[in-house]
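In structure tokens, one chain follows: the form predicted alone.
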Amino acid sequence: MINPTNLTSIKICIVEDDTLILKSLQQVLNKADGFSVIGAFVSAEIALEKLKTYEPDVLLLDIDLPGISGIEAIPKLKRIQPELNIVILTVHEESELVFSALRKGAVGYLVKGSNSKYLLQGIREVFEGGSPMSPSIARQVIKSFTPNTETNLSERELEVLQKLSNGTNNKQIAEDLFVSTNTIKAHIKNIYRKLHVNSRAEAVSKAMKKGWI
């Protein structure tokens, strides 16, 4: 898993529990000029144990990992190597996860499956001091700063409503937003009251017609 590096290569470590994706990333990066994968780990725990030995320039970090999640691992990794450039590489595009990762110290957020050219550009960008984001993620970030003057729903209520529109149940919404199911029930009750509706279907339909979700 370790390859010789030269002075011009960006040293990269990858934390990814899917071995097929891990191997694919290694192949893409090691074949590209100026990039070198010096370490690959299948869990955050292993990365935390080995990081000091490798000292990469950039670390590609998955969110869904066995044991410690990618988001939980970010501050722990930063304590070991404070200047480490952590780029989240995941299938998740939910705004709450994006902001949670950025708040904890990630400097970039790329979606898996993107063209390898964009992956290389993103790594190069973060190495040079930038904060790369996939276009879909960037749009969400921009949207989050746009005042919503058409509704009196709170930002969290809109997040819950978005998840309801995807068919997500209360338990899963609670887990995604790191709150209790009772809190989600309270949010849904407030959504019904504010939108003057009596069901999830009505709430979602009304929100979609108004362009809120």
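Between two forms, the rigid core is the largest collection of C-alphas that superpose within 1.5 Å. Residue positions are given as counts along the sequence shown, with the first one as 1. Not measured: the values here are computed from a predicted model.
Beyond the structure shown, there is the form predicted together with the DNA, which is absent from this document and is the topic of what follows.
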Though the DNA is not shown, can you say which of 26, 165, 69, 154 has a heavy atom within 4.5 Å of it in the model of the complex?
154
So the DNA isn't shown here. In the model of the complex, which residue out of 48, 32, 42, 186 has a non-hydrogen atom within 4.5 Å of it?
186
Should residue 19 be counted as a contact of the DNA in the model of the complex, where contact means heavy atoms within 4.5 Å?
no
Residue 169: touches the DNA in the model of the complex, heavy atom cutoff 4.5 angstroms:
yes
State yes or no: in the model of the complex, is some non-hydrogen atom of residue 53 no more than 4.5 angstroms from a non-hydrogen atom of the DNA?
no
Given that the partner is absent here, does residue 11 sit within 4.5 Å of the DNA in the model of the complex, heavy atoms only?
no
In the model of the complex, does every one of 115, 121 and 139 come within 4.5 Å of the DNA, counting any heavy atom?
no
Taking the rigid core as the reference frame, tell me whether residue 176 has a CA displacement of 2 angstroms or more between the shown form and the other one.
yes
Honestly, after the rigid core fit, is residue 199 moving at least 2 Å at Cα between the shown form and the other one?
yes
